[in-house]
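One chain comes next, on its own, written out as structure tokens in the form predicted alone.
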Amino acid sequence: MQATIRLRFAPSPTGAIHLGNARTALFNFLLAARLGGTFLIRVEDTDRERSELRHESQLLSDLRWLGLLWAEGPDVGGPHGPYRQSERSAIYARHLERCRKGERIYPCFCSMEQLARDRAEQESRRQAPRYVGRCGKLSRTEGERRLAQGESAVWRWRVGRSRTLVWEDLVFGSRRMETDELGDFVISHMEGRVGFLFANAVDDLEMEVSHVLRGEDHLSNTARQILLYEGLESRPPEYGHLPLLVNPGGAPLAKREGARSIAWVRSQGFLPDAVCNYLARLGHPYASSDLLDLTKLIEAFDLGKIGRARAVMDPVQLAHWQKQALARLDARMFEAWARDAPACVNPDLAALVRENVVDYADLGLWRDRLEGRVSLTPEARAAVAAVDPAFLRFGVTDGGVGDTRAFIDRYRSAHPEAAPARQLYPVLRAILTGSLEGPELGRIWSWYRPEGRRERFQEACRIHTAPAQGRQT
């Protein structure tokens, strides 16, 4: 390994950063910290049509919220800036000129129509599509003459002689590719707008990046970038490609398809520790099943433990870590968390249902259940429908003095033929909450005022006596 450890996360500000991108950022951050290196942010905003400053601001805010602090970046500066590709044109131009003088690149004048015909011909022969090298055979004098005449062109990288490229991937192990399979590839347009392959490699070189962890969808780019480094007479970083995070159907997460974003999970009330623990364990096992802070995640991170199988987005596991993160909040911190919910929730109510919520939607649900009209789940409806109506009428008239046991005892004293207490408690829960599950029944009972309990029983009476087709759930 190189003596100086430097890792980067290089997002494109074309939309919200989704969980797959965030896992890549997290793994780079963890490895940099584990090796005692530097973590930096570079914004790859070469897509001029789709890149927006608001997206950049949001993604930096999201990364900072996760706790992934960086030593260099567009907002903090650093010795290897600028940290936006849109501000690095002069750097790219310098390297392009060097490559042009060394004849590592050449102008390609082939039209889109010509390239399409070439591809069709290759497909008819069952060959992999790649550039046929037509303009690579032009002399330098001829290329410069046609450029001087104003012909439209792009710069292609001259792959050179046929050989086998072999490199060691930090995750997938030994990799190899025949250079004949690549074809001379485009790295820049004539007006200086460089493509991803070239800009990304030049930036990693200039910023002295030692290790690159990125998605496996970039595996095919690595061979080309190794060739670029050869032409730039520099050593490439050590590459590691992470298996993609996919949705339950197996498709990779994508911004354009509305993949769940960090901004979304933040808005839903998920906590940074929950999201980091969830992401850190996607494809990387941890011995501890406890919620770990970033320091402990760093200490136990091991590059050699990253698996090669794709990880599946699992909301149940995300909810599991959120429950653990919420459980660690003290009363003051939990109240602050609940106060940020979009739906206004009474602090006492939030404290009451604390152990039964995962996110802000759950808070809103419990607020509606306890403060709104009685709305029964199918199971709760069945329990209310099966109870003796006398129990419901008793609840309307009884003052509700004391706890639930005292209330049940009074009812059973007045109705010796009544069902046993163990059958009445679930009905009582259904009336008060609309569900057979939830917070401890005694606490719910105490939370209501006597008039509030009477109103719940009145509504339960109405539901019990309403025709089946008219009942509300």
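Sequential numbering from 1, following the sequence displayed. Note that this is a predicted model, so its numbers are computed, not measured.
Beyond what is shown, the protein has a form predicted together with a small molecule; the following relates to that form.
Of the candidate stretches 192-200, 286-294, 303-311, 103-111, only 192-200 has residues whose heavy atoms lie within 4.5 Å of the small molecule in the predicted complex. The partner is absent here, but in the predicted complex a heavy atom of 218, alone among 354, 218, 175, 281, sits within 4.5 Å of the small molecule. Using a 4.5 angstroms threshold between heavy atoms, residue 214 counts as touching the small molecule in the predicted complex. Though the partner is left out of this view, residue 12 does reach within 4.5 Å of the small molecule in the predicted complex, counting heavy atoms only. Using a 4.5 angstroms threshold between heavy atoms, residue 56 stays clear of the small molecule in the predicted complex.
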